[in-house]
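We give structure tokens for two forms of one protein chain below, kept apart as structure 1 and structure 2.
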Structure 1
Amino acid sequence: MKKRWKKFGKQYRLQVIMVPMSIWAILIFYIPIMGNIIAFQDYSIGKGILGSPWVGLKHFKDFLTNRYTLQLVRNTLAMSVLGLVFGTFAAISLALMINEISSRMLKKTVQTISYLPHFISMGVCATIFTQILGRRGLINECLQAVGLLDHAYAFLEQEHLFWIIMTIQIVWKEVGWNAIIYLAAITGISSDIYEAAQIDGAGRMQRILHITLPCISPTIIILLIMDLGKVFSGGFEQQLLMFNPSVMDYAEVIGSYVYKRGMGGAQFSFATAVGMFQSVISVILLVLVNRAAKKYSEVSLW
């Protein structure tokens, strides 16, 4: 022990960085984690954690017996899964397309431009969508000009369209970014296989279907499994920004609900309980999914 302290003293130059940074990490990351205990209280800022009354599982019970809860879970899962399925499909298609482009310049251009929306703020992205899909937006004007619509249609205020619009938005934003990993997998395929197939007379479509896709399928499956672990914790920036009262029943997800009840309604304890419920399920999901991924990649040995 003494030796350790001596060593500690000798590396004071390093410890003078690590000790304050550790205190920082505890304050910023770990104190909030402990702060989750207010989920079992009726917390109010005036009384503080020590003075607020303990109520046990009241808030969890309230949340789980609420009729609204099922709707929240449904919305969260629906939008996550739609985004995951169509996002994966679009990213694979884009990767295949970019890989097949023969002109180097076009290839590079398509790739560079495909990343652009990923780097743009969700605020910008949401403004673009509300502008284009609005009553006087580009889509309405085009459809009216060709006579498909005779009066303005409020796309953003339709309950049955909201999930679809959210999916299109997230796919538009992330497809280029998500394609990178598939492109890398495609680049890793040995060219011998293609040459052999070409000699056997396989056309390009055949090569894509029978060589490229099977070769990247381990990557696809692993990524799908990993992403499945995130379906319950799905982001809520999109839903918060694109929200409007007429789509309320389909737009509210757990994350945005926590924000609104906690920050808007100042129901700190209830919102914390809901947040905790979400993170506990997410962690369980993540552990299960990780186990599945491990098992799968061991079996396939790629």
Structure 2
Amino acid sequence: MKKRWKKFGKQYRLQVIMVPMSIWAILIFYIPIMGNIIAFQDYSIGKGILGSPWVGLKHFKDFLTNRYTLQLVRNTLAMSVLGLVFGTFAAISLALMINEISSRMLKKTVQTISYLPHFISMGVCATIFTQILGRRGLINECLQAVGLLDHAYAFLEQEHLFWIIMTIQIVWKEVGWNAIIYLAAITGISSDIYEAAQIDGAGRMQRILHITLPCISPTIIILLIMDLGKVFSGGFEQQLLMFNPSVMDYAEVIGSYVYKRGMGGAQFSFATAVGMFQSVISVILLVLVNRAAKKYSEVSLW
């Protein structure tokens, strides 16, 4: 105990600095967790948490036995996995291509242009895609102008295209931003390794395959672990903005469904229960994926 106080005395300035942030974290992140108690109640705003009746696991059972649940899970996982797979591949590919650009000015220009969409709100992003793919959008006008289409094609109203459009949209928006992390990892690779490989006769593609990718593989694995932990709870704003009745069976995800039931239908207890269910599954996925990564690659979060 004396050693701890002695250590505290040496680091008291750092400890004092952490006090405001600790209080902020407790108020913002931990105290609201207590509100999850309404998942086990038939919560009423008038009665409050203390006065609302307890119903146990009723809302969890309602969700798991709902006829839409499997469809919601399918849509959520499909769009999350597609975005993760193609987003990761696109970000790594972009980082490798930017790294191979010899001109420093061109490299900065390409990098800046690629991550600008990240700062565009999802609302603006949805509007851009609507203007491009809508019945009176750019693609329809171009195809009709060259005679490939007699009438406008409803791209946004085709169920078999919705997941593809969502994947393209999220990859376009985030690819440049995600590539920054891989570029940072590539920058950390010693130039001596590349020079030695070049002297031995290794071509550009061989250097990428046998030096760059193996060296950044720990970064790729860590990011995949973190993203896979969120795969069950991913999706909400994007699907809500691009949603239309024609693609309802493929567009509705758990997040948008809970939003409509919770905010639109004032079923706060049900929405909280589903949110807790998503969180538990996400934690389980994170632990399992981390354990698998540690076992097979010796790279893990903990």
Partner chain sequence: MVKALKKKRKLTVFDIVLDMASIVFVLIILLPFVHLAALSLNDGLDALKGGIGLLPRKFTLENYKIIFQEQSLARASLVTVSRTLVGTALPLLCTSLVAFCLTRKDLVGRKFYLVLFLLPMYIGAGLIPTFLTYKALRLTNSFAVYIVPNLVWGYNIIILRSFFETLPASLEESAVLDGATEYQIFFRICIPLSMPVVVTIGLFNAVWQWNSWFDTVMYIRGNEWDTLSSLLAHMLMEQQTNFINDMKMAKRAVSLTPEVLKAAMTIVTALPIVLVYPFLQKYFVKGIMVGAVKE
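Every residue number counts along structure 1's sequence, beginning with 1. Under this definition, the rigid core comprises the largest set of C-alpha atoms superposing within 1.5 Å between the forms. It should be emphasised that the depicted structure is a prediction, and the values quoted were computed from it without experimental measurement.
Next item on the list: Please match the form predicted alone to structure 1 or structure 2.
Entry: Form predicted alone: structure 2.
Item checked: residue 70: Cα shift of 2 Å or greater between the two structures (core-aligned) -> The answer is no; the displacement is under 2 Å.
Check: Would the C-alpha of residue 149 be classed as shifted by 2 Å or more between the two structures after rigid-core alignment?
Finding: Comparing forms between the two structures, the residue 149 CA shifts at least 2 Å.
Checklist line | Displacement in Å of the C-alpha of residue 9 between the two structures, rigid core kept as reference | finding: After core superposition, the C-alpha of residue 9 moves 19.6 Å between the two structures.
Notebook entry, point to check: Following alignment on the rigid core, what Cα displacement (Å) is computed for residue 34 between the two structures?
Noted result: It moves 3.4 Å at the C-alpha.
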